[in-house]
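Okay, so we've got the same protein chain twice, two forms, each given alone as structure tokens, structure 1 and structure 2.
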Structure 1
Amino acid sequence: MQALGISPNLLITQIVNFIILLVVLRLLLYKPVLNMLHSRRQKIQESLEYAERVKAEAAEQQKEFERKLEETRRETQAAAAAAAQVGEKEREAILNQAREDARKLVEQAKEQIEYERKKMMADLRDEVVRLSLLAAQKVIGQSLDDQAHRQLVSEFIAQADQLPANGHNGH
């Protein structure tokens, strides 16, 4: 042992040296570096998870947005359709109104015309009565009793009216 240089004192010293080095290196190098590596791994893990979450959220938002867009489009379409419907109704109403107005006007005009015709007819009848009276007076030379006369003519006209009507049914 002595010849190989092994002595208990030196051996123990070397063991103590190693233990000191082990403790110091553990304190100064291994622990801090391993902790740092560990915390970095954790941080990366967290970042990845966060990114994943954000991505999922973005996808969710995208979907939501598309859904809203679709909804809005549908709503717009519905509104446009409703508006078109309302317009159509309005148009219909106006048209109806116009048609009604036109019909009324025509009716009025017809009434007017009828009235005029009736009036003219009455006038004409009076005139005919007068003229025929006049003519009869002239022809006869003597005047009939006016009252009787008038009755006579009226009867005549009534008979004439009983003749086949010329276009005016019921009149």
Structure 2
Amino acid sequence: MQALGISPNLLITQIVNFIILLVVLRLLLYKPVLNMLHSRRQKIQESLEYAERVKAEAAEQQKEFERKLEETRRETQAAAAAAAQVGEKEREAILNQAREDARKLVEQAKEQIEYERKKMMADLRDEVVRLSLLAAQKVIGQSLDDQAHRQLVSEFIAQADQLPANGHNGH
């Protein structure tokens, strides 16, 4: 070995030194490094478990949010339907009131027309009586006394009352 430039004493010393160094490193570094790696592996595992729990909670919260969103949608649709129904009822009430008001106006107009017709007929009778009396005075040539005048007017009014009923035929 000497020929190769290796001294056996030096080689044995170096091997012993290497073994001592391995024992010291094993005692001082290997176990702490293994413990540190084990601790790190445990922390990573815990972090992964925590991440899974957070993911599961997020999925649960997402489901809850979607359930509440759907419930809110249903409530909104129900409220919109109720509002539409109330609006329809209000529209019907307004239409019914408008129909009733129109009916009342038509009735009032009919009553007004009937009143005007009766008034016109009464005015016409009065005018016919007046003209008849004038014509009668001219034909007779003299004024009638008050008693004869009243009798003539009463007879004429009785005859005039029968004329519009027969002449209008229910108008």
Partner chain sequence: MWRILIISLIALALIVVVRILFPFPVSPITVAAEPLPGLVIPGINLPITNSLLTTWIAMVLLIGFALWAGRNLKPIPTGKQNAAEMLVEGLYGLVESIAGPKWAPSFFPTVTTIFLFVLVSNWIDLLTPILAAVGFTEHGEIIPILRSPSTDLNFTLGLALISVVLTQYYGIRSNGLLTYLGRFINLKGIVRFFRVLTGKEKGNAFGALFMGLIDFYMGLVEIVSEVAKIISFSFRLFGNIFAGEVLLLVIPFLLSFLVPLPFLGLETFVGLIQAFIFAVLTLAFMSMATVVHGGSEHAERAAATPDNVSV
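If you're wondering where the values come from, they're calculated on a predicted model, not measured in any experiment. Sequence positions of structure 1, starting at 1, serve as the residue numbers. C-alpha atoms forming the largest set that superposes within 1.5 Å between two forms make up the rigid core.
Novice: Where's the form predicted in complex with its partner chain, in 1 or in 2?
Specialist: Looking at both copies of the chain, structure 1 is the one that matches the description.
Novice: Is there a C-alpha shift of 2 Å or more at R26 between the two structures once the rigid core is superposed?
Specialist: Shift at R26: 2 Å or more after core fit.
Novice: State yes or no: after fitting on the rigid core, is the Cα displacement of L131 between the two structures at least 2 Å?
Specialist: Yes: L131 shifts by at least 2 Å between the two structures.
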